[in-house]
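Below, in structure tokens: the form predicted alone, a single chain.
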């Protein structure tokens, strides 16, 4: 099969568009974005609120206008955009099997950049028991109802979760005529940082930490939920349940490919340049680890796009990779593999870590058995931890993180 492009970008959200723009800026001639939706913007297109765009464009956009800005920038840069295209299979040689309004076809490029983002876990993945009435949705579904159909699926929902997206969901409800009954967080602390987590309380919505949703009641639609706190149960009357957070990368194609995924992040394994185990494939954005803001994903996509352009221009064959190991309660480290490389072409100059639970102790980085960095503090779950990647890590035989709890 003839090469269709220099680079095919799978996914037209902030990271995919940013990578495509940077590839064109670096002189890569033929760049194609494949997007399954009829427009670019990814999840931001669903959001009827702001702010988007400050890091990327120096001004504030609402979600839909931000998506249009991405489309305008792609068009000005000469990026070919194909909407309505879904990739269903990845081959080791860079061949993609794709479905579109034209049928099933195969496409091939010198490099593939995977930027499909992340999604929230639905009720089935959270193992929530109870009836199966109408009115149990994720934030993405809520935003779609509001942005595209002008519909609010409930008036008195219970919101489950306290990541940043839960605050976005609360704001969407208040802006469109719904008044949440309560916000629930199973952990004893909020996952988003203060002062953002003060928002529900400031607007008069009870915020129950250390509280679990144990049952949903309702025949045709949600009528009430049962919650448990400190061993005691109570019933809250409501007409909906809004499940927020617990994001997981959209990495199913990697899972069924020979490349596999990183079991900590559930996304593809990448090195410091965004290159996967198979050097034809790169990845960027929230598919690497769920979940960061649109601005963070855009900046990350731009950095990986620059590294990918350098990779194409150098023509140097990628070396073998070294895994970055970690102990519990560290959930993930990204990049999760390292390759010998010139650091000037690296997309990532910092490791990004997450922990599975609140832990107080000493986090350290070891290279070839020697400790080169450490810090002692309280580490919180689902919050970004950044550790500089030392130059010697890129030529090491063993790189790993550990936490010693106090």
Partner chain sequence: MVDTTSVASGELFDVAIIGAGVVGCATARRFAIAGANVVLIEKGSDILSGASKANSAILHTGFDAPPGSLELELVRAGRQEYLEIRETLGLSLVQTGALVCAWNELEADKLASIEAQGRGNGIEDLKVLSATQARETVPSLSGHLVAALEVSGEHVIDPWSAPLAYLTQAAGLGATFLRNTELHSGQFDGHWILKTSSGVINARSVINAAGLYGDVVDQRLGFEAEFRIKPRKGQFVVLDKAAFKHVPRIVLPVPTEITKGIVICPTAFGNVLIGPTAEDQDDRVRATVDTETLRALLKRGVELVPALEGMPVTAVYAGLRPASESKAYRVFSRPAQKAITLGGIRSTGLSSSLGLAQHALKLHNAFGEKFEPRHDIPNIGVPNLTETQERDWQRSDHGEIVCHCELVTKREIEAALESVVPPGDFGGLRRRTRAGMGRCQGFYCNARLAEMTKGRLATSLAAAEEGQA
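This structure is a prediction, so every number in the text was calculated from the model and none was measured. Residue numbers count along the first chain shown, from 1.
Heads up, the form predicted together with its partner chain isn't pictured, but that's what we're talking about next.
- Taking the partner from the other structure, its partner chain in the model of the complex has no heavy atom within 4.5 Å of any heavy atom of residue 30.
- Interface residue remark: residue 138 is counted as part of the site for its partner chain in the model of the complex, having a heavy atom within 4.5 Å.
- Contact annotation: residue 80 falls outside 4.5 Å of its partner chain in the model of the complex, judged by heavy atom distances.
- When its partner chain is considered in the model of the complex, residue 316 lies well away from it, no heavy atom lying within 4.5 Å.
- Heavy atoms within 4.5 Å of its partner chain in the model of the complex are found in exactly one of 288 to 296, 200 to 208, 328 to 336, 119 to 127, that being 119 to 127.
- Checked against its partner chain in the model of the complex, the residues 91, 237, 131, 106 give one hit for a heavy atom within 4.5 Å, which is 131.
- With the partner omitted from this view, the residue of 312, 171, 75, 152 that lies near its partner chain in the model of the complex is 152 [heavy atom within 4.5 Å].
- Highlighted residues 340, 350 and 396: none comes within 4.5 Å of its partner chain in the model of the complex, counting any heavy atom.
- Contact annotation for 215 to 242: residues with any non-hydrogen atom within 4.5 angstroms of its partner chain in the model of the complex are 215, 216, 217, 219, 220, 221, listed in sequence order.
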